[in-house]
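One chain comes next, on its own, written as structure tokens: the form predicted alone.
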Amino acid sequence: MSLKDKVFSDVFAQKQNLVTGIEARAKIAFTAVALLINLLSPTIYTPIGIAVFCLITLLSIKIPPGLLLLRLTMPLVMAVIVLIIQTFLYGGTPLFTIPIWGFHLVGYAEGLARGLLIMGRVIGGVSLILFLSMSTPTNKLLLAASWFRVPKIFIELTLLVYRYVFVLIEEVVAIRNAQKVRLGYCNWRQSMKSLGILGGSLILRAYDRADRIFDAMIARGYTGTMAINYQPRFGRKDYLATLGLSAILVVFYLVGRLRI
């Protein structure tokens, strides 16, 4: 399986193991409460603990470290930028000075502490989202969302978008490969022209496919809403998993109150 297939699918969530077997509703509730604790934590210890727990859990179900790093790269870059900005623009206690072109950039202790806290919250929050998305199939997530009374229109649109975004990706790959065979990217000018054609073709194909899909849905009895019902009940295993996740949330909360 290629890296593209791993990045743009929930292949790991479809595997059977201890983590993916946890009820989707329990994981959604755990993630929501953990995100709240992560955002409200006055110290960096809780975000670090959340990130470590989530990443170790994902590694334990055989998710490649390179894939996790790839998905964390962009949030890490943004977090580092915020850290730098906070260090030099917030606070009043000078920590260090960097001379640049006759100017002196002053880093402040309060800004560094605040930047590290924000950075930790970003990493902790992203780790929670990765934990939820990479250990729970999308269809189960959306069905569980219906149990939480999420509006049906949102669930229906998400289901359709998730299904057909991969179809559009395949269309992009096919068009781009055809352009490459015809030397469509031999120089910069030709590359820009080819990208414009690719974008236009993709829009036209998406519109045409949407029209055909809607006709097919009407032919199959679609009346404007889908029948979405979440039937599974909590079993003994699900109650034990929920109890364990609740204990972990308590630990996260208490860790955030540490003063070291």
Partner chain sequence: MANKTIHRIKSHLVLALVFALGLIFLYPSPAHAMHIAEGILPVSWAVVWFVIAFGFIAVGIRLIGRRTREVRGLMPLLGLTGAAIFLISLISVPVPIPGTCAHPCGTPLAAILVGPFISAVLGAIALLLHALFLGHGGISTWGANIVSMAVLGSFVAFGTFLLLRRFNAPIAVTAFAAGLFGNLATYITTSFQLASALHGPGLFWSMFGATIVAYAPVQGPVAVVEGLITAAVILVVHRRRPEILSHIMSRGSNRRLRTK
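Note that the rigid core is defined as the largest set of C-alphas that superpose within 1.5 Å between two forms. Here the structure is a predicted model, which is why all the values come from computation and not from measurement. Residue numbers count along the first chain shown, from 1.
Absent from the display: the form predicted in complex with the partner chain. The rest refers to it.
**Q** Hey, in the predicted complex, is residue 161 touching the partner chain, heavy atoms inside 4.5 Å?
**A** Taking the distances in the predicted complex, the answer for residue 161 is yes, it comes within 4.5 Å of the partner chain.
**Q** At 4.5 Å between heavy atoms, is residue 95 in contact with the partner chain in the predicted complex?
**A** No, no contact at 4.5 Å.
**Q** Is it the case that residue 33, even though its partner is missing from this view, gets within 4.5 Å of the partner chain in the predicted complex, heavy atoms only?
**A** Contact check for residue 33: no, nothing within 4.5 Å of the partner chain in the predicted complex.
**Q** Does residue 146 reach the partner chain in the predicted complex if we count a contact as any heavy atom within 4.5 Å?
**A** Result no; residue 146 lies far from the partner chain in the predicted complex.
**Q** Quick one: from 174, 77, 109, 186, grab the residue that has a heavy atom within 4.5 Å of the partner chain in the predicted complex.
**A** So the residue touching the partner chain in the predicted complex, by this definition, is 77.
**Q** Pick from 198, 44, 26, 55: which residue has any heavy atom within 4.5 angstroms of the partner chain in the predicted complex?
**A** Of 198, 44, 26, 55, the residue with a heavy atom within 4.5 Å of the partner chain in the predicted complex is 198.
**Q** Where, within 90 to 129, is there a heavy atom within 4.5 Å of the partner chain in the predicted complex? Residue list please.
**A** Read in sequence order, the residues that approach the partner chain (within 4.5 Å, in the predicted complex) are 90, 91, 100, 101, 103, 104, 105, 108, 114, 118, 121, 122, 125, 126, 129.
**Q** If you line up the core, does residue 218 shift 2 angstroms or more at its C-alpha between this form and the one not shown?
**A** Yes, shifts by 2 Å or more.
**Q** Note yes or no: does the Cα of residue 32 move by 2 Å or more between this form and the one not shown after the core is superposed?
**A** No: residue 32 shifts by under 2 Å between this form and the one not shown.
**Q** If I superpose the two forms on their rigid core, does the C-alpha of residue 59 end up displaced by 2 Å or more between this form and the one not shown?
**A** Comparing the forms between this form and the one not shown, which are aligned on their rigid core, residue 59 does not shift its C-alpha by 2 Å or more.
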